[in-house]
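Coming up is one lone chain in structure tokens, specifically the form predicted alone.
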Amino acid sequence: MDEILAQASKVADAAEVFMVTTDETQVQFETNRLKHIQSKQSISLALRISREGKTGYATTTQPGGGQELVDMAVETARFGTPVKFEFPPAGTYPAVEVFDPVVEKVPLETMVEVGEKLIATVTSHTPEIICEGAVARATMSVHIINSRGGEVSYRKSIFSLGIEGSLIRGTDMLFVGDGESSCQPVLSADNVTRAVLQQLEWARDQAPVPTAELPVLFTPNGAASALIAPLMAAFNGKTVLEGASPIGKKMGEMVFDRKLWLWDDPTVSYRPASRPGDDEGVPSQRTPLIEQGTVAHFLYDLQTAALAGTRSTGNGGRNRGLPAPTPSAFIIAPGSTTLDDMVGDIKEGLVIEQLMGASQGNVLGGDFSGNVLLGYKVENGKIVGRVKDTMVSGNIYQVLKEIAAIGSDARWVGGFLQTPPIYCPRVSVASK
């Protein structure tokens, strides 16, 4: 990396080298049985330069091609976007624990046993169910250096397990599932098992639902599938800069219910989305986005922050290309109401566990609309069965403007979101 930086610095005004190596092992299950065990290693090297005021960028998976990488970056700079930022200088980074050496030492036999026990527990409850699942471990090393002396290097470990089950009876199809991930070993599947068995219990019977505006309780999985994509788009600094965010000019205004608090925080230890610095070497920080319903901040990388006349929030992320504003870990503050109390408050309504296709609408405008892949009817404060052929739609700026209650029990979903259940008094429901 040092040699590549030195070569690039000879032909560029400024340069940055980003390298990530990954070692991953995955145990996969299909049709209730072990399918295969796969291990793979990868390396990715990226060079970004500023040359004559424009950005040059090149990537490779071959660590020995330094001069070729520099040449490609110089060539792309001819057509690159104008550079409006400076790379960060040497600085201090928060102590964020994201590596546990025990993860890479977990035996394959143990990973297989965890997966087999997870599937066995679910199939013993519902023998006809067909399950797919995975137990995976990974370690990665991230290293960033630039020509201004900035440098950040860290190791991260990730352990994850998950299951998806399908139960088909004639034309009736039921889909359940859950997962868990951490930077530490997850050697007990009890949390995932408990969630899936609860889904199966609540889905044992079917119940009709009217076409109407109804109270809807989004579980953590339900909130993730319906409400989060529009929020992530709205608080993206690039979207704000382009004038496409509905809240881009509403900093300091109350847009949501006072009960709602949201922040982006990659400094929470042992979470897969955490890190001491972002993919541009900017130190990580906790960034408030919604405080008591009020828009508090937006997420920026170096380039969008410079264009917006502000500073990076440490949210520069890479997805096979140039860095862009990227959420790390979205955290919604829990409330004080239990799930049972929220369900008990509903005379007639829905509990949404999973929406399918919710992000296919006008996400930038805050719209969500999707088929209820897994949801339950509530009558007189009790869950009476799952719903079929039902759609839910709405706009987050209306739905989250009035929140009846926020649950007291928050959980992590997919490693990138921590959210409690959210109880909304009026959501459009359509049923065949």
Partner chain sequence: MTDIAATAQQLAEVIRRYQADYIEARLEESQTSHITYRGRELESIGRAVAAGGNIRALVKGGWGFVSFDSFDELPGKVELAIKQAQFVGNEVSQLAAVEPVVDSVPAGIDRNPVTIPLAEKKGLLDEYNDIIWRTPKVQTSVIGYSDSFKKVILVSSLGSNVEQAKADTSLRVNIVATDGSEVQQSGISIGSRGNFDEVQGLHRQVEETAQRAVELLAAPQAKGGEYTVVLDPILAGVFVHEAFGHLSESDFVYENDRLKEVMVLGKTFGDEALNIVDTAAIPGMRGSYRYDDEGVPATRTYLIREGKLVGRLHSRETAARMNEEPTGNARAINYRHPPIVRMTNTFIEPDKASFEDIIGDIKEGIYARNWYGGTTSMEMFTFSAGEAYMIRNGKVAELLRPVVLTGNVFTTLMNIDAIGNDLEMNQGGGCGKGGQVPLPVSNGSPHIRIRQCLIGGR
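Positions refer to the first chain, counted from 1. All values derive from a computational prediction rather than experimental measurement.
The protein also exists as the form predicted in complex with the partner chain; that form is not presented, and the subsequent description refers to it.
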query	finding
Distance check, residue 244 to the partner chain in the predicted complex, heavy atom within 4.5 Å	yes
Exercise: residue 173 in contact with the partner chain in the predicted complex, heavy atom 4.5 Å	yes
The partner chain contact at residue 128 in the predicted complex, heavy atom, 4.5 Å	yes
Residue 388 within 4.5 Å of the partner chain in the predicted complex, heavy atoms	yes
Contact residue in the predicted complex, chosen from 181, 139, 287, 239 - any heavy atom within 4.5 Å of the partner chain	239
Heavy atom contact within 4.5 Å of the partner chain in the predicted complex, the stretch among 310-318, 231-239, 254-262, 140-148	231-239
Check all three, 52, 95 and 334, heavy atom within 4.5 Å of the partner chain in the predicted complex	no
Residues from 20-40 in contact with the partner chain (non-hydrogen atom within 4.5 Å) in the predicted complex	30, 31, 33, 34, 35, 36, 37, 38, 39, 40
